[in-house]
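Take a look at this single chain, the form predicted alone, given in structure tokens.
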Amino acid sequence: MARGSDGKVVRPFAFFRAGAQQDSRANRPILVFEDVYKYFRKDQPTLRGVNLVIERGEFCFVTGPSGAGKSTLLQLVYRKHTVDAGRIRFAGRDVARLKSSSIPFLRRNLGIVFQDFKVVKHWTVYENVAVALEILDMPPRLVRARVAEALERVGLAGRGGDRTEGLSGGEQQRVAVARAIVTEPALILADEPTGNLDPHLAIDILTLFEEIHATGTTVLFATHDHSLIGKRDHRIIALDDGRVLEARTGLRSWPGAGESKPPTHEGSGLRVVAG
């Protein structure tokens, strides 16, 4: 944790707006979907009647086949898209009703990691991570301290001066993770973060997210890689035909756990969470 001259932990971002208090929300779920619908085609909802509660400090896999709506689910949280019906509450606030001027405050409390890294390859590792703080006019001394801490957490201590273009895919994804956590977000949204990595590196990145989760950060980890899901007992949120099927203790708790992919709702004992 970065600390100010008085020794107190520095948390530079207001929770949505200046003066807001996190304490009053401490016992609330961090994320709630209430009868959410999203359409990209009028006759076919991508998400239909989704009801879902994510508690603070959970680690959840979001899975389903390509096109099932995994990315859409995450994008609705950080307001790349808005719901067509229903609502999403992040820390008690209705995301869809936030004014445009409030969206940057929302995103300061979210860490977002993408499949294709989205790093600037001709920048250094330090520059890629520091930009998340510099755009907020944080003092250079604090930026340096926070970036150094983030790089250490992702296993890149001492690599700040390296050009990002010279890093491996796994290292570039670690830079992206460092950029996501440097703001100390309340929630990490990882959208297929291992999709461009080989199986060994995928496990490394999953383990990194688990280490971040162990510090108290809530993580939503979207993936279609059932081999990753099968190695852990985290809660699973499976999307099927726009609806959510969920289990709370991983594949091993489901009938047919030895199969190569998560079972469907037919005969699986999964609970359908939909309108």
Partner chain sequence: MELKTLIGRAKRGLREELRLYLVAISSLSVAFLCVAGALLALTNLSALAERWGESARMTVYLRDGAQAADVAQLRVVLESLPEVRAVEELTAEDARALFLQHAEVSADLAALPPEVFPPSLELSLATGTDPSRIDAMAARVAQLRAVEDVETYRGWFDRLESLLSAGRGLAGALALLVALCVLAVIGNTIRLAVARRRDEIEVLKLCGATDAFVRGPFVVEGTFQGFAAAALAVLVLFFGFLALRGELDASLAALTGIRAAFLQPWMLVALIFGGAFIGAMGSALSLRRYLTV
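Being a predicted model, the structure only gives us computed values, none of them experimental. Residue numbers count along the first chain shown, from 1.
The same protein also exists as the form predicted together with the partner chain; that form is not shown, yet it is the one meant from here on.
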At 4.5 Å by heavy atoms, is each residue in His122, Glu127 and Glu134 next to the partner chain in the model of the complex? yes
Among Leu201, Met138, Val83, Leu156, which has at least one heavy atom within 4.5 Å of the partner chain in the model of the complex? Met138
Could you work out which of Gly166, Pro104, Gly161, Gly92 is the residue within 4.5 angstroms of the partner chain in the model of the complex, going by heavy atoms? Pro104
Determine which one of 111-119, 186-194, 83-91, 167-175 lies within 4.5 Å of the partner chain in the model of the complex, judging by heavy atom distances; exactly one does. 111-119
Any of the heavy atoms of Arg146 lying within 4.5 Å of the partner chain in the model of the complex? no
Where, within 178-193, is there a heavy atom within 4.5 Å of the partner chain in the model of the complex? Residue list please. Arg179
